[in-house]
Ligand SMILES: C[S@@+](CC[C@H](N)C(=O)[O-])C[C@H]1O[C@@H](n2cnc3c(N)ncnc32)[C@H](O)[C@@H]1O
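What follows is one chain in C-alpha cells, specifically the form predicted on its own.
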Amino acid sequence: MLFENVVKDRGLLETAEKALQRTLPMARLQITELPGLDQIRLALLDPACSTGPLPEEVMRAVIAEPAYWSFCWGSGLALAKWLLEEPDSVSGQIVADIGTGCGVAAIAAELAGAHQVWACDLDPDALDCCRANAAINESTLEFIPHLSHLPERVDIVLLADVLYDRSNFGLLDQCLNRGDTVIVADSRIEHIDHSEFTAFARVEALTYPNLGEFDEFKSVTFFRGRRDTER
C-alpha cells in the first residue's frame, strides 16, 4: 500500500520519501507488513524500485548518503520479533534503541509494554523515517540524535545491526555506561570480545525488502551485556 491512503501520516511520510529521493530519485516508500511480524507496518523502499544498474551520479549519491533506513535490516527484524515474543524483557522498562534506522526495534519495544522508548540515530533522515513509522503504528517514542541526550540511566539499551564497522564497537562501553542491560542483535558478527557480553541466541531473519545481496547475513546472533556495578 502506497501512502496516499494514510492521510494522517502524509506529511511525515512525504518528508521521509523526499529524503529517499535525494539518493534514489525514482524510489518510493511503501507501507507494508513485515514477514513474520504482522503487528508492525513500516514505510520502506518499494521492492519494485530498480536498484541497478544505476547512473553514475545516482551511484555516487548512494555511496555518499545511503538511505539505509529505508530497509528493515534482518537484525532489527529479528530483535523486534524477540521483543514481542519476550515482552517481559522490556515491559515497564525505560528502553533506548541506538542506531534505530527505520525504528522497528523501538516500535516493537513500545508494543511490548516498555514504559518509555528513546529512538536514537545520528542521521536526521533516519529519525524522520522513524517518526513516520512510529505514527503509522501509533507508537509514542522519544527521538534523539545522540545517546548523550538520554537520561543518565536507562534500563535497557538495544543495538541492532550497528557493529558492521569496527569503529562502532566503542558503543558497547558507552551503552553499558548508560543502561543496566544492553541487548545486541547482529548478523555480521558471531563473537564479541568483551567480558561483559555473552551470546544467548541465534536466529534467521532476512532484510526487507530483500534485494538478493543480503542473504549471506541471514543468521543473527543475540548478545546480552550487563553493567558491572563495581566499575
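From a predicted model like this one, the values you see are computed outputs, not experimental measurements. All residue numbers are counted from 1 along the displayed sequence.
Below, we turn to the form predicted together with this ligand, even though it does not appear here.
> May I ask you to state whether residue 118 is within 4.5 Å of this ligand in the predicted complex, using heavy atom distances?
Residue 118: no contact with this ligand in the predicted complex.
> Verify the contact flag for residue 98: yes if a non-hydrogen atom of it lies within 4.5 Å of a non-hydrogen atom of this ligand in the predicted complex, no if not.
The answer is yes: residue 98 has a heavy atom within 4.5 Å of this ligand.
> Residue-level contact is defined here as any heavy atom of the residue lying within 4.5 Å of this ligand in the predicted complex; does residue 162 satisfy this criterion?
Yes, residue 162 lies within 4.5 Å of this ligand in the predicted complex.
> Mark residue 168 yes when one of its heavy atoms lies within 4.5 Å of a heavy atom of this ligand in the predicted complex, and no otherwise.
Yes, residue 168 sits close enough to this ligand in the predicted complex that at least one of its heavy atoms falls within 4.5 Å.
> So if I measure heavy atom distances to this ligand in the predicted complex, which of the stretches 130-138, 100-108, 83-91, 148-156 falls within 4.5 Å?
Only one stretch qualifies here: 100-108.
> Contact check in the predicted complex: 189, 217 and 223 versus this ligand, with a cutoff of 4.5 Å between any heavy atoms. Do all three pass?
Result no, not one residue of the spot touches this ligand.
> Can you tell me which bits of 117-153 touch this ligand in the predicted complex, meaning any heavy atom within 4.5 Å?
120, 121, 122, 123, 126, in sequence order.
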